[in-house]
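Take a look at this single chain, the form predicted on its own, given in structure tokens.
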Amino acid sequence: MMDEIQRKLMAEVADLHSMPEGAYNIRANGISEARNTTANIDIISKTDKSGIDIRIKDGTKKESVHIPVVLSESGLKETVYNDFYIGEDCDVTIVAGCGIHNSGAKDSEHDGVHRFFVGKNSRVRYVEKHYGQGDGMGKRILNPVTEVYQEAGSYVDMEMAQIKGVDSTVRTTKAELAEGATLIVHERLMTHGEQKATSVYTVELNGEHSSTDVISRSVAKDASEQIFEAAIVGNTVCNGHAECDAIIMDKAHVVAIPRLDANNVDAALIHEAAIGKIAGDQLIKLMTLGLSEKEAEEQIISGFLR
């Protein structure tokens, strides 16, 4: 049974206040705490390493899988390998994410390696949230690796969020798209203190009329550092777009590194980046409504990251 700290982490990363409906695998401090399968979704423990296989049958519609992870033991470090096999003509939602509570002196770290094999004409909504808390000197470290392999006509929509409490993260995402496949990524990120966050996205558009849209919105406060790298490789007639919008505050450091690689005359690839401080007129407008400068900043940041 999870304690109060673990339940709070679960609510933060997966919006769960009780056991979810549908399939789920809940992991706490390196151990599977609860699991449920359905007629269409099976979850199987790996035998050669830590992790699970999630198998979703062809034609599965309007079902969900929750696989959140929480760590509340200081000094715990783990790497978990989860593979998702999504059949053809599916429409499913997958909710992952990790929350770390560290009140000790040792670093706590969770590295999740997720691979998605998406069948023809399937639609997948994937939500991954990271969150950290605790007043210990030990760091809260999260290094997720995501690989996506999409077959013809598939559609994947990914929401990647990290808003609070993670001291160090390197997020690596790679995708390969077949004919007519689409990948949408929305990243929301906020760092403060001396936190460091690196996001690396590489999308290969291999099939005709495949497309991707990778959008990152971030806020860097205090002396934190963010690095955003987006590489889109167009190997045929395709469309690719990457966008990085960042608000920089205090003594923070933000880097945006675009890479567009067109290997076909009909590959249409675009990259946009904007880094800057909060506009003074926005602050003034909100302050005339009775907000303090700090309250106005918080309102602007909240709306920006929504």
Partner chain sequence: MLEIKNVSYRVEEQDAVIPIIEHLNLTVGDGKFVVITGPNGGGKSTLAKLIMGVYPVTEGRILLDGEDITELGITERAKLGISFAFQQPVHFKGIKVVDLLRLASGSRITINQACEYLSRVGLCARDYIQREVNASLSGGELKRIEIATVLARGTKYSVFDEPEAGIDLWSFQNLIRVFENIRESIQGTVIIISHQERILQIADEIVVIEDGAVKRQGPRDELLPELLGTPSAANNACSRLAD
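For clarity, every value in this text was computed on a predicted model and none was experimentally measured. Positions refer to the first chain, counted from 1.
Just so you know, the form predicted in complex with the partner chain exists too; it's not on screen, but the next bit is about it.
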Since only the chain is shown here, I'm wondering whether Met2 would be in contact with the partner chain in the predicted complex (any heavy atom pair within 4.5 Å). no
So in the predicted complex, is the partner chain close enough to Asp261 to count as touching (4.5 Å, heavy atoms)? no
Asp245: heavy atom within 4.5 Å of the partner chain in the predicted complex? yes
Although the partner chain is absent from this view, report whether Leu286 comes within 4.5 Å of it in the predicted complex, heavy atoms only. yes
Hey, with the partner chain in the predicted complex, do Gly180, Thr182 and Asn206 all fall inside the 4.5 Å heavy atom range? no
Within 4.5 Å, heavy atoms only, which of Arg217, Lys221, Lys139, Arg123 is in contact with the partner chain in the predicted complex? Arg217
Counting any non-hydrogen atom inside 4.5 Å, which residue from Asp266, Asp281, Asp58, Asp250 sits next to the partner chain in the predicted complex? Asp281
